[in-house]
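The data below hold one chain only, encoded as structure tokens and taken in the form predicted alone.
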Amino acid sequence: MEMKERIAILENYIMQRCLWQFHSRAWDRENQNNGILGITKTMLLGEQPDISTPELKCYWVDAKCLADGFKTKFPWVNEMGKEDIAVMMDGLKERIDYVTIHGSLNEELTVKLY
């Protein structure tokens, strides 16, 4: 399976099961994408994430569920090397950023009054 296909499968999983993607402000979505997907990547790489602040702990909870879901639903994630996982997660973050922020038609994301 090609990397693009793997990213699409994981994107679909997030879009169907994760509510954190629906914040009403672009900066909230960007912070959450960075936090949750960054910690998910760290965990999939077998490293210990930084959870030293309440915000990071909150992201860790969603990241833990996401990493567990990826490993359970998609066994091929467990068979990937660290380099491939890093590339996949970077591509997934780029895709989620596009879908939820940069390519979104939701004009509410850019309202300055928030």
Partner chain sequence: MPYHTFECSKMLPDREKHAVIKGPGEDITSALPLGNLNTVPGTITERGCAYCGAKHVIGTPMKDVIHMSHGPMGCTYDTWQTKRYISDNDNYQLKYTFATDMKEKHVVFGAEKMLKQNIHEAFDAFPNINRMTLYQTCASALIGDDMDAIAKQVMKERPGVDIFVCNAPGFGGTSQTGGHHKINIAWINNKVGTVEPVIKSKYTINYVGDYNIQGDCEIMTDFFNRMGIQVISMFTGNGSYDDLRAMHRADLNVLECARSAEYICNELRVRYGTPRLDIDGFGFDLLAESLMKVAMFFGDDCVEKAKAIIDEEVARWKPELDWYAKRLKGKKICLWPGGSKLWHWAHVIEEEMGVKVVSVYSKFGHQGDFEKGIARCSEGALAIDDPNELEALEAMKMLKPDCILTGMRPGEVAKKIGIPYLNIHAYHNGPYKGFEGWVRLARDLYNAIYSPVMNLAAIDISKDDFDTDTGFKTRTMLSDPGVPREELHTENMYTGKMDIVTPLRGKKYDFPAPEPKADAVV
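Numbering follows the first chain given and starts at 1. What you see is a predicted model; the values in this text were computed from it and never measured.
There is another form of this protein, the form predicted together with the partner chain, and it is not shown here; the text below is about that form.
* To do: Given the partner chain in the model of the complex, answer whether the residues 23, 60 and 103 all have a heavy atom inside 4.5 Å of it.
  => Yes, the whole candidate spot contacts the partner chain.
Taking the partner chain as it sits in the model of the complex, is residue 32 near enough to touch it, meaning that at least one heavy atom pair lies within 4.5 angstroms?
Flag for residue 32 set to yes.
Does residue 86 reach the partner chain in the model of the complex, with heavy atoms at most 4.5 Å apart? Output for residue 86 is no: heavy atoms all beyond 4.5 Å of the partner chain.
query: So in the model of the complex, does any heavy atom of residue 55 sit within 4.5 Å of the partner chain?
result: Output for residue 55 is yes: heavy atoms within 4.5 Å of the partner chain.
Q) Would residue 65 sit within 4.5 Å of the partner chain in the model of the complex, counting heavy atoms only? A) The answer is yes: residue 65 has a heavy atom within 4.5 Å of the partner chain.
**Prompt:** What residues in 68 to 99 sit within 4.5 Å of the partner chain in the model of the complex, counting heavy atoms only?
**Reply:** Residues within 4.5 Å: 95, 98, 99.
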